[in-house]
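Both blocks below hold the same protein chain, though in two forms, and each is given as structure tokens: structure 1 and structure 2.
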Structure 1
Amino acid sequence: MITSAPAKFILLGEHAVVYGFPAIAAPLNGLCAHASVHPAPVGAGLRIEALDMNEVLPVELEADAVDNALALTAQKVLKALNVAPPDAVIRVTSHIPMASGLGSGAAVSTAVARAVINAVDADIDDDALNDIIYDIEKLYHGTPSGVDNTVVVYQKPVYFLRGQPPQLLDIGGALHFIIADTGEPSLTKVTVADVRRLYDEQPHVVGNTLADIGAIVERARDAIRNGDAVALGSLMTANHHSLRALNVSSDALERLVDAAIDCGALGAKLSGGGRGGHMIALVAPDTIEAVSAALSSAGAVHIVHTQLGADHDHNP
């Protein structure tokens, strides 16, 4: 039995979300964490083998102060189901880069949770599972926003406004995205701090830019609901221009954004903290290969295609 959970990416609204404006995040189904369940001898109990980390983690139902996220995930699921640990081994792998803003922690925890549920032949609804993964996110982020776990568990875009629960977004039609990695590290806390300094120096100018991003996100929410790829693409590019005005782009990101648009993408922008990391392009199905090739030629080190809506709008 194999379970999976997707990565997540910021579609629109990064940086402005820090100042009380909305943002939209979405699942990245082209990058996933996986967990498989294997039988163990009677009396062996449950253990998790994190293959990428070379860790073997025993799961004890009554253990206190569990500080490993995967072991704690399994324990919380077993307690929610009120069942004893099964005699099984759960093997975990992930293709999602860690500490890259793609929700690796939430995805791995969700894959493990679903594997535990399968191992005991039970079921938990998504609302209850989301609550569990949110609790696990506190180990990673202290006071998480709730975006990562909600996007990953429900596999739907989320509209997020700081201080409010994330809202799931319906998708009116198939939307195709290409996510490309610049290969350059991106430290979100650095770019967030730099935008704060810029805001302090030029509050009126920067404040207007942030408000523009907020308005773009509101219009994009309607475009997603309507499945209007052309409108959404235009809004993504406008969002990128605003982020560039905040000095969080980079030469590598600009090359990739320009390459995507020049090759026919409906829109493109940086995604996340900026100055490295990833960019995203919205494309029509018949331009996926051409835009991917153009991004590769422009220096992208890793490229993933993902689809939102239509037949990809499902749980694993």
Structure 2
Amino acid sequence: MITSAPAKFILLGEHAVVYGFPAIAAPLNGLCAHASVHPAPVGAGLRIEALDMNEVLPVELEADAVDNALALTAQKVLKALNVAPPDAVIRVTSHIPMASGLGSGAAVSTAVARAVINAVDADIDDDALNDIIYDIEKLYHGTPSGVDNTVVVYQKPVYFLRGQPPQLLDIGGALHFIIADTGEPSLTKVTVADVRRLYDEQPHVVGNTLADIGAIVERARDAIRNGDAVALGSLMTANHHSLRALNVSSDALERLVDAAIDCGALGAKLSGGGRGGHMIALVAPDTIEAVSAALSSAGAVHIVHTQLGADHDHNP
């Protein structure tokens, strides 16, 4: 039995979402983390093998200070279910690039949590699982808003406000996105802490920028509801300019955003924590190939096309 969890992409509202403004995000179902459960001899206990990361992790129910996210995820799931560790090996693999704004940590934790649940033949609803994965995100990412784990666990495009149940995104027509990787890793924890520092230094200026992002996201939600790709595109680019003002862009991100827009994308922005990682461009279907080629020439190391709306209840 294989469990999986998708990557996520943030369409709009990253960073401001940490301060209580809305964000819009969706799963990227083509890129997933997977976990599988294998039997182990009686008395062997539970072990997680993260072979991509060269890690073999024993899971003990009573161990304090577990310093690995996957072992801690398994421990929290077992405690929530009030069961002992099964005799099993859970193998986890992921196709999601790490430290690139696509929620790889939340996806790997979610795949492992679901594998543990299977291994003990139990069930946990998505709300309870989301709480567990959020706890893990908090331990490893400082002050996350909860948007990443929410999209990864529920696997649906959402309009998200911190501390509130996610609202399913109403999508009025097909929207095509190209998501491109700068190839430069960047830790969300670092950029979130840097934005916090900037906010503490200049609360008024940064507060205004965050509020601008919030207003952009509200207007973008209407544009998505109306299937208005042109309006959405310019809101995405405006959002990128606000993120640049928060100092979370990078030369590579600027190159890719400019390349997409110069080649006819309706809008483009960095996606996720920034300073590297991924960017996203909204494109008309007839420019998908040209924009992808332009991104590749501008240095993108990996490019995927995804769609929201129309025939897709979420992206393929």
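It should be emphasised that the depicted structure is a prediction, and the values quoted were computed from it without experimental measurement. For clarity, a rigid core is taken as the largest C-alpha set superposing within 1.5 Å between two forms. Here, residue number means position along structure 1's sequence, counting from 1.
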Where is the form predicted on its own shown, in structure 1 or in structure 2? 1
Taking 2 Å as the cut-off, check whether the CA of Met279 shifts that much or more between structures 1 and 2 after a rigid core fit. no
Rigid core fitted, is the C-alpha displacement of Leu81 between structures 1 and 2 2 Å or more? yes
Does Ile124 move its CA by 2 angstroms or more between structures 1 and 2 when the core is aligned? yes
Can you read me the CA shift for Ile48 between structures 1 and 2, rigid core superposed, in Å? 11.3
Could you tell me how many Å the Cα atom of Ala33 shifts between structures 1 and 2 when the rigid core is held superposed? 5.5
